[in-house]
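Shown next as structure tokens: one chain only, the form predicted alone.
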Amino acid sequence: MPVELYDVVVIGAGVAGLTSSLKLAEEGLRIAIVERRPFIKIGERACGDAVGLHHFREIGLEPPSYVVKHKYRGVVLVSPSGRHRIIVPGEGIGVDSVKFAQWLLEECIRRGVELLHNHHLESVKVSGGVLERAIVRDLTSGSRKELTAKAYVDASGAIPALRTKLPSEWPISERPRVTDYNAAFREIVELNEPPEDPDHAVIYFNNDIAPGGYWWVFPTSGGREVNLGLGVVMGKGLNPRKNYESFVKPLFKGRTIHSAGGLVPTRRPLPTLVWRNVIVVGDAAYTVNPIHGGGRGSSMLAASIAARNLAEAINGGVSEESLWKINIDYMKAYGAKQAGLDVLRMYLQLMKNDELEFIFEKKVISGDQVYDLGVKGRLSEEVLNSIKRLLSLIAKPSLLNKLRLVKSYMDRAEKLYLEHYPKSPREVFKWIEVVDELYNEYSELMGYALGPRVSW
């Protein structure tokens, strides 16, 4: 079996894998990307395709105009009845997923990255406490080859191809709960009539239609074309495609251009993004916003942080110690916010339509406050105080008590990931126990059923 040597082997040519590869190649490293799909299919995935512009600014990446399909002035949140709306400010763009990925891929190849498309990661060999080699199979010819590298990056998506093959005692081998995922289905539709609001991404909350999630209308290509989709919490026996076809599709007349389904992790990040000589980024590391499921921007951020630190460490020896700063930097940049929002996510998934309707109707929270919550990951005292004043006039004490509990645990979770995150790998196992205890305690108090661990 032929053996090939690289500085870094990246598993997965999604946005996280391509961003990692591009940033590493810019440092002069020899990179190989292993991707199951053929070249022309790279970039195809079930996604809302909307990204906040601030994510590109944070990592110094500017997409070319031809990959941008639409520009948004913000997001509109719609109550279950459809009668009440919250307008959340913020610039965003809708990208063509395939063109965006192909652009990143071209930039990688231009810098010498080798793409092994139509290749499947078949197995790995761990020796001496590190990942020694990856065995990949060409899906076209059936031939196999061994890839050896100083470091390996798992960017293979929501069902990770690499880290699920690693020793179970490694903390990056953690198996999440089934409820840590949303199952989604979406279509790109060319409408007969333009959408009602072409300038905003519109998100609809209704637990009869999208239990534990939401459905959306994201205009693209000037507004006549839209990205329509629906997500539901996994582990409850729900089928997003069935709900989409029953409730959403009949509302929009037009020609379907493309359909796709998939899983989205909607939880706090993996406890550690590094172990030994392995780094995990993107959906494989749960670097996704737990509330809205957007992961493209945060995946690029995690990939950029990982690449920067790996490039600095690679010549001096790759280990969890030399790579630990990846965790510190990511938790400060985004992971601590995810931890707090994961607490809020569980509460929102428990809310009934009448409670959601109350929040919208009474203007309990403003668009600016929703934006602030999304940016900082905190339920502010200002919001809690406004709710308290409102509920003193309306008999809703149970809602206030629940929100107080939510805020308390959001603050505690954020501190765990920001102020008390382990300074070294030696401390991580004890820290994981504390984190699990916090979320288990919260879910029990709220009556949130976490469900079993996933089987993969």
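Start at 1 and count along the sequence shown; that's the residue number. Bear in mind that the values here come from a model prediction, so they are computed numbers and not experimental data.
What comes next is about the form predicted in complex with a small molecule, which is not displayed.
The putative spot formed by P269, G335 and M346 is not touched by the small molecule in the predicted complex; no residue has a non-hydrogen atom within 4.5 angstroms of it.
Out of the listed residues A184, V75, I305, V274, A184 is the one that sits within 4.5 Å of the small molecule in the predicted complex by at least one heavy atom.
Interface residue among L131, I326, L121, A210, judged by heavy atoms within 4.5 Å of the small molecule in the predicted complex: L121.
Looking at S156, you'd find a heavy atom of it within 4.5 angstroms of the small molecule in the predicted complex. With a 4.5 Å cutoff on heavy atoms, A149 does not count as touching the small molecule in the predicted complex; it lies far away. Proximity of R36 to the small molecule in the predicted complex falls within the 4.5 Å heavy atom cutoff. The closest non-hydrogen atom of V288 lies within 4.5 Å of the small molecule in the predicted complex. Heavy atoms within 4.5 Å of the small molecule in the predicted complex are found in one stretch of 306-314, 241-249, 276-284, 348-356, which is 276-284.
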